[in-house]
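Have a look below at one chain only, the form predicted on its own, in structure tokens format.
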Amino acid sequence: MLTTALICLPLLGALSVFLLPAPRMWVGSLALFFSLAELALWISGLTRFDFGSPKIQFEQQHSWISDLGISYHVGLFGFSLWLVGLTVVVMTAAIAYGLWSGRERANAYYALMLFLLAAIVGVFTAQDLILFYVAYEAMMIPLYVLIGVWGGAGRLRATFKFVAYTMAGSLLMFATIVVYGLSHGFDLATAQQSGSVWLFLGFAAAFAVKAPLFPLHGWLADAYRESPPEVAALLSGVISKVAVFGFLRIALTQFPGPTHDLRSLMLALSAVGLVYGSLLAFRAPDIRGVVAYSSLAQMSLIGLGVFAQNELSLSGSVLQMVNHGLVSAALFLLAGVIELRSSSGALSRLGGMARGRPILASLIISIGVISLAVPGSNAFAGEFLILAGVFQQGWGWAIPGLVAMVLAAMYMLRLVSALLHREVGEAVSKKAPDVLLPELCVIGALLGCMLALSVWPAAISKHSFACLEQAPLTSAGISSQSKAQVGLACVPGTGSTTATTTGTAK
């Protein structure tokens, strides 16, 4: 029942918050209470999860449309458990930040945030394609409203581009799901694998839009710049990971043949996106632009890891998804803190913010150093695993990663220098305060998670996949040694690996 509870608790919270006739501070506090309760529920599941087992855990299944074999089927694997945890942590930080910022129309705002939380958890736990699609689409509804109503001056254009791109991808995925499901089955635990390149491309295009990956990233800059800071944190930190989860859970495991045949194409697109995003981040004129395009680069790096398809790259990709989610969320919230004090995010109008603001300077430098992937940081561990795995596919594929690491150092050092050093910018008031306690608690909590993973990155990298003993990824080129160490082929949950006890971890 834990998986269903993780989905239903935020829905209950959304309804309660929406109907609560109270001042916005009370409404926001109730929303924060529900997000913290969700975090406690996830921690409870974490303590009971058996990371040594390849079987789906906390599983629950009920027939939905029996004639088509469609069911309410949810459960968790190791890597999906960590992604749910990332979602809950970032959402809790986002709600806490919104509470401090004092969002107008609080009932609707926090109800949408909690509904979004439920939908994202639904995507990460869905084991049926129709259920996956329902949660995937439900996730988009609150995002449209949050950007279009509470966004910046250019929110209408940003919302239109976001809707246009995502609707095109969603419709394509729906058609693909229908064709695949009718011929191979809708339940991922029992569905047959497919050798259709076109069906694989249907899923891949939809996921590439959501990530976003090059060249389907056209909505990224406007949406990230015009969203409220906490919504931008969710877009970059969590929503983009839904797409990579789709690649891991559906594309790689259900289409081993096409994945192997098109591996070079996917690696090439990821490599181009990695360098391209890094160059755009280096040239971006504002804080959010730097973080947005660095996210494009990081998602491309994770894409390299996913399609390299070996034990190092896959475990590194999951670790880097969590790392990037925490870093990008913290950077967008820091951007919001700076914009509150300067009414501008343009680097040309900022500068000298380290003077009299030691806490702000410390946060920017600490998170900036982690994002540089210096040895000993969680980001270094993730990037190292990915590049080591990519190198096994051919040293040439690792070169873009090395180039991007140099560019990342350049654009992040440029950002830190533009914010903290130089002369005091025209938009920076000498009376602007340092980071206040509520802001420090929110961003400091994210930084604390990064530091914890810096100390023990193996908590994720060694506990995402239990075994790789089945066929799906063997035919996609994963070695027997990889199978013994990673465990992604257990993801499909075929009859031999599906848990037989419902709702409990084994």
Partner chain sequence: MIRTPAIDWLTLAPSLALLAATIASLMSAVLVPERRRKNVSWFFCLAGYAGAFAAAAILFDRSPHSRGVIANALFRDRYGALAAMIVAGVGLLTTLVYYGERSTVDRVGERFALLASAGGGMILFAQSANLLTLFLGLEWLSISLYVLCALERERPEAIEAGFKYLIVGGFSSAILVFGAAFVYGATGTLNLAQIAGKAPSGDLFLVTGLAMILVGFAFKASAAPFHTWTPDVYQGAATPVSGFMAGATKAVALLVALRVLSLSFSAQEHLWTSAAAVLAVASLVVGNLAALVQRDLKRMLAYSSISHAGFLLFAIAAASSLGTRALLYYLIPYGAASVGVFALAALHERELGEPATLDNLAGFGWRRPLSGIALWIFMLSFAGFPLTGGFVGKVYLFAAAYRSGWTWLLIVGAVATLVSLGYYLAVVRAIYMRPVPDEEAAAKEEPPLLDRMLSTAVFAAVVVTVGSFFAVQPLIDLAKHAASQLPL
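Residue numbers count along the first chain shown, from 1. Remember, it's a predicted structure, so these values are computed and weren't measured experimentally.
Form predicted together with its partner chain: not shown, discussed below.
Residues with any non-hydrogen atom within 4.5 angstroms of its partner chain in the predicted complex fall in just one of 246 to 254, 401 to 409, 173 to 181, 94 to 102: 173 to 181. Though its partner chain is absent from this view, in the predicted complex it lies within 4.5 Å of a heavy atom of just one residue from I338, L420, A158, L112, which is L112. Just one of L279, A168, A354, L265 comes within 4.5 Å of its partner chain in the predicted complex, counting any heavy atom, and that one is A168. The three residues S66, A138 and V149 all sit with a heavy atom within 4.5 Å of its partner chain in the predicted complex.
In the predicted complex, V145 approaches its partner chain with a heavy atom inside 4.5 Å. In the predicted complex, none of the heavy atoms of L447 sits within 4.5 Å of a heavy atom of its partner chain. Under a 4.5 angstroms non-hydrogen atom cutoff, its partner chain in the predicted complex has V163 among its neighbouring residues.
Although the partner is absent from this view, I70 contacts its partner chain in the predicted complex, with a non-hydrogen atom inside 4.5 angstroms. Taking a 4.5 Å heavy atom cutoff to its partner chain in the predicted complex, none of the residues in 354 to 381 make contact.
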